[in-house]
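Coming up are structure 1 and structure 2: the same protein chain in two forms, each one given alone as C-alpha cells.
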Structure 1
C-alpha cells in the first residue's frame, strides 16, 4: 500500500529557499494570468514556463506522476467533450444530427486543457517546494488568523493520515472475508458501513487526543504569540516577486488598458 502523506519534496533549490509569501503571491498571479490569456500559443508559452519551474523544483518523479495524472485525465476529457458541446465556428469537420464538430471548437478545447494544466501545475509547484509549516506560516503572515492557520495545518496533516486509516481498515475487513466490491450497489453500500463506522470512531478518538494536547499546552491562554522561526524577506525574495509581478502586469496591461488580443 503506497500513500503520499505529503507532496513536499525536501531539496535545496532556489524555489525551496524562497519566502513562502512570495510563492503564494506568485502562484495566485500566475493562476490569474492563465485565466487572462486565451490564445493557445501564449498559453503554451506560459505552460512551458510553469513546467520549467516544476523541473527546477526537483520534485520526485513518483510524486509528479501521482499529482499530474489526475490533471491529464481532466485535460483529455476537456479536449474530447468541448467540441461536442460547442458547435460554433467553421469549418465543420464532422456532423451527426445536432452534434457538430468544428475546427475552432477543437482548438478552444485544446486551449482550455492547457489552461487547466497551467492552473493545476503552479499550485502543485507550491506544494512540492513548501512544507506545511512554512505554507501555514506564510498565510498567517499575509493576514490569515492564527486559529484558521492552525486548522489548515491540522487538515493538511491529518487528511492524508485518515486516508491511510481508511485503507488499513478496508484491508482488515477484506482479510476477514468482507467482499466490498461484489453484489448489487445497495449491498455494496451496506458493506462499506463496516469501514465507515471504525473510521468515524478513529477520527473522533484522534480529535479528542488532539484537543487534550492543545489544552495541555495552554493553547489560547494568551492573545500574543511568539515563533521559533520567523519569516524575513531577503533581496532574492524581493527580486523574485518583482519578476513575477512584471510577468503578470505586462499581459494584464496589454489586454485591459491597450485592448490587445491575448
Structure 2
C-alpha cells in the first residue's frame, strides 16, 4: 500500500540549489500570476515558461506523469464540462434543450485547464526540487513559527513510518482471517475498522513517546533557540528572485494600474 510518495528527486540543478525561500516566494507569485491572467495566449506563454522550469529541474517523465496524472484528468473534465455549463457569448455552436454550447465558452474552458496545469506544475516543481527539510526550513525562515514548522516536519517525517504501521496491522489482521477486498462496499469499509483502530492506538502511543523525547532534548527550553544550518541568499538567488518578481510585476501592474485586460 503506497500511502505517500515523497516527490523530491535528488539532483544537482540550478533549481535544486536555489534558496528554498526564493522558491516558495516564486511559486506563490507564479500561482497568483496564473490566477490574474485570463487570456488563453498569455496563459500558454506562462505555461511555456513553467515547462521550461520543469526541464531546467530535469524532471523525469515517469515521475512527472505519476504526480500530475490526477491533474490531467481534471483538465479533461474542465474542457468537457465548461462549455456545457457556461452558455454565455456568441456564436452559439449547438443547442440541446437547456444546454447551449458557445465558442467563447469552449476557449474559456481550455484557458481554465491551462491555468490549472500551470498551478499544479509550479507546485510540483517546488516539491520535486526541494527536500522536505529545506521546505520546512524555508517556511520557518519566512516567518512560520518554529513549533508549527517542527509539527510539519514531524508529520512529513512520520508518514512513511505510519505507512509501515498500517501495512503490518493489515497483514496481521489478514492473517487472522479478516477479508479486506471482498464483500459489498459497506461491509468492506466496516472491515477496515479492524485496521483503523489499532493504527490510531499505535499513532497515539508514538505521539506520547515523541512528546517525552522532545522534552528530554530541551524542546522549548529557551526562546532564543539557535540553528545549526542557516539559509544564505547568494547572488544567484537574489537574481532569480528579481526575475520572478519582474515577471509577476509587469502583468500585475498592467492589469491593476493600467487596466489592461489580460
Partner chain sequence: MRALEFNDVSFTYKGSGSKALEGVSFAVNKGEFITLLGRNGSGKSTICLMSNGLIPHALPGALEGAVRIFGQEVRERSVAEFSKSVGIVFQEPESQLFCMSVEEEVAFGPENLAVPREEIGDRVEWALELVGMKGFNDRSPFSLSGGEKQRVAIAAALSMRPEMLVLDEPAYALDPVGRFELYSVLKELKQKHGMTVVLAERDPEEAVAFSDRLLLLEDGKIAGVGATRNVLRDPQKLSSLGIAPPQLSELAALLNSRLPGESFSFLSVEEAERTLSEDFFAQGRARRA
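Just so we're clear, the structure is a prediction, and the values are computed from it rather than from any experiment. Numbering follows the first chain given and starts at 1. C-alpha atoms forming the largest set that superposes within 1.5 Å between two forms make up the rigid core.
Of the two forms shown, the form predicted on its own is structure 1. Relative to the superposed core, residue 198 undergoes a C-alpha shift of no less than 2 Å between structures 1 and 2.
With the core held fixed, the Cα of residue 158 is displaced between structures 1 and 2 by 2 Å or more. Relative to the larger rigid part, the smaller one has turned by 20° between structures 1 and 2, according to C-alpha superposition.
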